[in-house]
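For reference, the chain that follows is the form predicted alone, supplied as structure tokens.
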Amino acid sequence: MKNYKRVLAMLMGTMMAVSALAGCSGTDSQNGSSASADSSVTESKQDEQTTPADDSSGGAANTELSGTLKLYGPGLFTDVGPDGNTDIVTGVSRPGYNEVLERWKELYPNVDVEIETIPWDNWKAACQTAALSGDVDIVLHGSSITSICEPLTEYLEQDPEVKDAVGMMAMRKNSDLAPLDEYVPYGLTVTVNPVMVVVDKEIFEHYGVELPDYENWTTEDVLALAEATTGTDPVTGEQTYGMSLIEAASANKNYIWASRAFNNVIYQWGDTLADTTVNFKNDTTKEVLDYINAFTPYTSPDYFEGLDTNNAYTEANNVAMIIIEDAYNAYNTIKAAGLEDKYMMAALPKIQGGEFDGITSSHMGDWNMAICNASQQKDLAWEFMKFMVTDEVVQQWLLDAFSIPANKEASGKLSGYMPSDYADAISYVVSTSPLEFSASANSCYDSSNFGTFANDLTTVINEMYQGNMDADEAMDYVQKNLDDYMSTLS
């Protein structure tokens, strides 16, 4: 048994003995973070109890705090609604957020919570407008909009156990608050969505290829396995392909994990962003781009149109490895098809060298909560956000809602919800990733501060895929746009 699995087993034994949890995309996505069509303004289920009471875990309820908190934004609350729903594809039923509000009222009977949910379409503009109204306390998934959010540094210093409890923080750069080579926390991550690899075990078996050992495989191993599983399936006689990268419309996200795997740190941070240098054009970037492009012969021609995974998670699947961002949704689809034994999940290969040598290159998307900087109830907002990442009942609700908690202890309980072929790999990523390893900001990639960098990466990777550009031309294109943008900051 792998070392990690032995550690996980010991952790699980400890967790069962403890009665409470410690002090945890094209579009932004996380299981429970792609908006449903039916978005509406909803209010909390009001609890008329205003006298001191005991919560269900035996602790005294806090009757000193009072007021009404207003939450606004997209994400998981939008998806599940107040009363829950059932997915029409997988048949999975998820509990509504009223269960969270009921738990909150047990602990804080004099504090009401109102939630206004919105879809992902134009969500940033909608959140900014709502914040300007002065009537929002918590911005759901708001950490990316630093202009309307309160930095959490002081709050985390007061409650250090919160930072220790989660496997990811919503980090951003702000030279007014900290040196640019450091990150400033702008939100608490409630749920995470690690980038994973779905492996079709049957295709590997048909080709006589050993399944990947994701705790030890390298970038070269991934490429070699993609080559070994591309061709005519020896058993079925059907054409198979070794790899499906993250969809072409979000091709920049392939650069995120590959650049991290090769430890391609391109930033030389100055005192301000204007003093910062971005050295995109270098030998390691060339290696990263050539590596991504090397998967082209082992990728379906339908990849560019987004049609290569039409049969994913079915018996007719013809792709050996699929890199995905929606791990829990993928598992639920596999389970609904009765194909849990056909597939498994793996983490992406480890980082080669540098500060984070040996850590998986799988980055994570998230669903987070941020304190609106116009709120008059910031301390109360912080109490609710802490509750969302530390309360035992909430963590159970997140698991029941088929989300992956950022709380490390809670995510370790995934083995009770899915087979170890899936749960172990997901928990491995969540428990070992550094706090700042997000899809938006890490040591090799930052989509928030450098103009059209993310879009430019998608453009050049797709142009390379189509044979219209080589790595040198791609680097020239991106570096020129970076230089042009940086010159506007001077």
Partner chain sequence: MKNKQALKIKAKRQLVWYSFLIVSIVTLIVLTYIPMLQSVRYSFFDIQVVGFGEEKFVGLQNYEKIMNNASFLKSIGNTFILAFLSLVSIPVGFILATLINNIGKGKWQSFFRVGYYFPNIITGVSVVLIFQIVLKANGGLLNNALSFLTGQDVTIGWLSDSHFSRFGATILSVWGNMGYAMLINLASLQSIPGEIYEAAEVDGANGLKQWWYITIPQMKSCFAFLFITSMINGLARFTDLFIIGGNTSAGRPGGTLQTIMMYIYQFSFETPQYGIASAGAMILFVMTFVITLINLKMTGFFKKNKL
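Residue numbers count along the first chain shown, from 1. A quick note: this is a predicted structure, and the numbers were derived from the prediction, not measured.
Not on display, but discussed next: the form predicted together with the partner chain.
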property	result
Answer option from Asp341, Asp213, Glu305, Glu220, heavy atom within 4.5 Å of the partner chain in the predicted bound form	Glu305
Contact residue in the predicted bound form, chosen from Gln352, Thr236, Asn98, Thr129 - any heavy atom within 4.5 Å of the partner chain	Thr129
Site test, Ser147, Thr452 and Gln466 vs the partner chain in the predicted bound form, non-hydrogen atom cutoff 4.5 Å	yes
Any non-hydrogen atom of Asp121 within 4.5 angstroms of the partner chain in the predicted bound form	yes
The partner chain contact at Ala374 in the predicted bound form, heavy atom, 4.5 Å	yes
Asn481: touches the partner chain in the predicted bound form, heavy atom cutoff 4.5 angstroms	yes
In the predicted bound form, Pro160 touching the partner chain (heavy atom, 4.5 Å)	no
Contact stretch among 384 to 392, 129 to 137, 353 to 361, 223 to 231 - heavy atom within 4.5 Å of the partner chain in the predicted bound form	129 to 137
